[in-house]
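Given as C-alpha cells, the chain that follows is alone and in the form predicted on its own.
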Amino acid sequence: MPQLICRDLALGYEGKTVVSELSFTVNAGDYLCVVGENGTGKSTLMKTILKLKTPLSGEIQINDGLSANEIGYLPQQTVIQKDFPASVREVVRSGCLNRCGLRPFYNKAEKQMAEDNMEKLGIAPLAKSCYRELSGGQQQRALLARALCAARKILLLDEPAAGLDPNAAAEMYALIEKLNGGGITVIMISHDVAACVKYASHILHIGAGSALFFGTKADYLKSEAGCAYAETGEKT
C-alpha cells in the first residue's frame, strides 16, 4: 500500500528551484535510499515531506492514516546538538512531544515507549548519562530512539552514519535494517553508495535539477545513473 506519493514536485528556496519534476511512490515496508551530489535538494525533499517547507509546485500525499507529525525524523547533527546538556532519557522522550498535544507532561505510555526504544537500540544502560558525553555512535542511537518515539510507520533519516567510524556506521546500518525488517518504512539520504546498494529496496537518484532515476535497487544497478554513481563511490 502506498504510504507516500510525490507527484511532479518542484523544490527550492528563496524563489530558486533546486529540483523539479520529482515523482515517486513509497510503499509500506520499503527501504528507499535517496542519493545524489550535494545541493541537489535531498534534505529539502525530507523537510518538504515533513511540511517544514512548502513545495514550489506539485503535491505530496501521505496515506495509511498518517500525518506529517507522525513521521520519525533523524536530521544531520550540528555541533550545537552534539553538545546538548540533557540526559539520554530526556532526549529520547522528547520524540513524544507531538503526541502530547497541549498536555505539558509525558504520560505512562509515552515514558514506556521511550524505555522500550532505548532497550531496542541498546542504550538503556545509558539512560541517565549526559547526551553530550556520549560517543558519536551512542548519540546517533539516542537520536534514532527519539525518532522512533515520533514514528508511527515511517522513518526519515538524513545521513545517519555521517561522521561515525566504520564500526559505528556498520552498527547503525544494522539497526536501521532491523527496524525496517520489523515493519518500519525507511527513507534515507546517504552518500554511502555501498550501504545503499546493500540495504535499500529502492533508489531515488536526484541530479542537477531533476530525478535521474527512481525504481528498485536491481534496476538502479543496471541503469546509466547507477553505474556511474556506484563507480564514483568505489573510488572515494
Partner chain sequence: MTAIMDKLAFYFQYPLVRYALIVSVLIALCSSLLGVTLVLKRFSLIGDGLSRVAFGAAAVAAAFSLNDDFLMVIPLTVICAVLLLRAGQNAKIKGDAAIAMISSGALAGGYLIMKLFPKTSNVSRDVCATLFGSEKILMLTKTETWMCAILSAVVIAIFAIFYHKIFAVTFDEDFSAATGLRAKVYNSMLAVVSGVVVVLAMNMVGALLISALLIFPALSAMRVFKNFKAVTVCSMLISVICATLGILISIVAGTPVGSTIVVVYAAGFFVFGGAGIITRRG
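Numbering follows the first chain given and starts at 1. Rigid core: the largest C-alpha set superposing within 1.5 Å between the two forms. From a predicted model like this one, the values you see are computed outputs, not experimental measurements.
Beyond what is shown, the protein has a form predicted together with its partner chain; the following relates to that form.
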Decide yes or no: are M118, N167 and A169 jointly within 4.5 Å of its partner chain in the predicted complex, with each residue judged by its heavy atoms?
no
Can you tell me if I71 lies within 4.5 angstroms of its partner chain in the predicted complex, counting non-hydrogen atoms only?
yes
If you check in the predicted complex, is D158 within 4.5 Å of its partner chain, heavy atoms only?
no
Please tell me whether any heavy atom belonging to A150 falls inside 4.5 Å of a heavy atom of its partner chain, as the geometry stands in the predicted complex.
yes
Can you tell me if A109 lies within 4.5 angstroms of its partner chain in the predicted complex, counting non-hydrogen atoms only?
no
Would you point out which of 185 to 193, 48 to 56, 33 to 41, 172 to 180 contains residues with a non-hydrogen atom within 4.5 Å of its partner chain in the predicted complex?
48 to 56
Can you tell me which bits of 104 to 122 touch its partner chain in the predicted complex, meaning any heavy atom within 4.5 Å?
P104, F105, Y106
After core superposition, I'd like to know whether P166 moves between this form and the one not shown (criterion: C-alpha shift of 2 angstroms or more).
no
Could you check whether the CA atom of E70 moves 2 Å or more between this form and the one not shown, using the rigid core for the fit?
yes
Cα of A151 displaced 2 Å or more between this form and the one not shown, core superposed?
yes
In the predicted complex, do the Cα atoms of E133 and L179 sit closer or farther apart than here, given a shift of 3 Å or more?
farther
Once you account for a change of 3 Å or more, let me know if L134 and L179 sit closer or farther in the predicted complex, using their C-alpha atoms.
farther
